[in-house]
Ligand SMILES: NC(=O)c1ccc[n+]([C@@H]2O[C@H](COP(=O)([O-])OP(=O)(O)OC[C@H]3O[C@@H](n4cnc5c(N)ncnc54)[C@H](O)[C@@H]3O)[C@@H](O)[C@H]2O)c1
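Next comes just one chain, in structure tokens: the form predicted alone.
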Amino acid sequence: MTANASSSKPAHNRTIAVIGLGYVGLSLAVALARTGARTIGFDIDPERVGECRQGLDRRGEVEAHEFVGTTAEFTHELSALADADFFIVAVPTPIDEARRPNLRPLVRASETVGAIMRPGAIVVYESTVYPGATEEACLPVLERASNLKAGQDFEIGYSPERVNPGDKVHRLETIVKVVSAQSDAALDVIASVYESVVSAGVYRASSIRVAEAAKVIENTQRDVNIALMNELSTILGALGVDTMDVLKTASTKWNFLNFTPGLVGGHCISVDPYYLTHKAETVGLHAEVILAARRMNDSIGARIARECVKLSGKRGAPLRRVTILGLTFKENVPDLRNSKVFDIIEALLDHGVHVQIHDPVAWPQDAEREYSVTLTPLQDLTPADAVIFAVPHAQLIEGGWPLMRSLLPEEGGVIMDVKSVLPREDKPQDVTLWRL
């Protein structure tokens, strides 16, 4: 037990099973165990379970010291969940190749829970879904697998995750937790469980569908706003005006929204809007603004590649080799899921350009296994005609202009600062700088 763990079981008096030990589930399991509640973390991946048992989170959300003395039990054995009476499902909800919701992980998790749960259980879903999915897609699976009746033998609820990977300020404990349930009685228990770990408190949504909709529009709103910035960046770039200078100037107005252009990847913002647009189509609606935003944000990788080719041509030299710095979907996070840096790579390869990639945070085996991409150590990079600084990891920012310049040939070249983190006033004279 950790030094901060409670010596007695918390007021909710529940044995908790967290299904899925990703970003959301692992943090939640460790935090709940710290309150004194018996907590079982379950994942179908034995390797992931083994890492958790060893106090290792390769994604960096749970630090080593947080594992020390934890009472959380980690397992991939279904039988280990037999004592649980409160289940939290925190599995991925991706999209398929046609950008339609892929609910298979959620259905399989529901089958797992249904097979082991007993009367009196409460099942709470945290995965991002469209409004209605919990009751329409998950509840029937629970009933079939358990031979129990929802609302009579067990209850369900929904509490959307709000994890921001890599953020050490906005964490589970400090973000208001939305909770919802089928009944007031179940809602009281669910609120009690989350209140035991969330110091920011909980917000009781009026229904499960309201909570589902609130979650999916949180990321959709960000996607639409970033798409606007990306479109403005395209227009301003064509006019020869620096986008960041414009945004800095505009932000002097009190109600200007502080969004910036960029690559929009990861497992949330680039995925969640498609859950909402899919549901809209089932009721005969076409989500024009949301889908237009998705098209805009999905086009940025190819645009960066085109600009790179164009700038190299203006310097009077063909673009033969490009170094890309950063491969993950976000700075200081090792997660490669839906990283839009791969769009840049594919577009450059289509132009016949040789691409070499360095990322000090990503796991090389993940890059090789998931995308057949080989990461190159910094010291082994060959001087390239252009450097695309795609993901501003702290280690790369620390290297600054000296690092960027060292990756170009003697005659200089192109530096593409996608997130505009390099100070322009320090730019070497033989470098052509581009900022999104």
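All values derive from a computational prediction rather than experimental measurement. Each residue number is its position in the shown sequence, starting from 1.
One more form of this protein exists, namely the form predicted in complex with the ligand; it is left out here, but the text below deals with it.
Novice: Taking 4.5 Å between heavy atoms as the contact cutoff, choose which of 105, 318, 140, 120 touches the ligand in the predicted bound form.
Specialist: Exactly one residue meets the criterion: 105.
Novice: Which of 91, 72, 190, 300 has a heavy atom within 4.5 Å of the ligand in the predicted bound form?
Specialist: Going through each option in turn, the one that passes is 91.
Novice: Is it true that 22, 42 and 59 each have at least one non-hydrogen atom within 4.5 Å of the ligand in the predicted bound form?
Specialist: Heavy-atom distance to the ligand in the predicted bound form: all three under 4.5 Å.
Novice: Of 261 to 269, 230 to 238, 199 to 207, 142 to 150, which is the one stretch near the ligand in the predicted bound form, taking non-hydrogen atoms within 4.5 angstroms as near?
Specialist: Residues of 261 to 269 come within 4.5 Å of the partner.
Novice: Tell me, yes or no, whether residue 165 is in contact with the ligand in the predicted bound form, where a contact means a heavy atom of each within 4.5 Å.
Specialist: It does: once the ligand is placed as it appears in the predicted bound form, residue 165 has a heavy atom within 4.5 Å of it.
Novice: In the predicted bound form, does residue 337 have a heavy atom within 4.5 Å of the ligand?
Specialist: Heavy-atom contact with the ligand at 4.5 Å: present for residue 337.
Novice: Spell out, yes or no, whether the shortest heavy atom distance between residue 341 and the ligand in the predicted bound form is within 4.5 Å.
Specialist: Output for residue 341 is no: heavy atoms all beyond 4.5 Å of the ligand.
Novice: Under a 4.5 Å heavy atom criterion, is residue 34 part of the interface with the ligand in the predicted bound form?
Specialist: Contact check for residue 34: no, nothing within 4.5 Å of the ligand in the predicted bound form.
Novice: Given a 4.5 Å distance limit between heavy atoms, list every residue of 114 to 144 close to the ligand in the predicted bound form, or none if there are none.
Specialist: Stretch hits, in order: 126, 127, 128.
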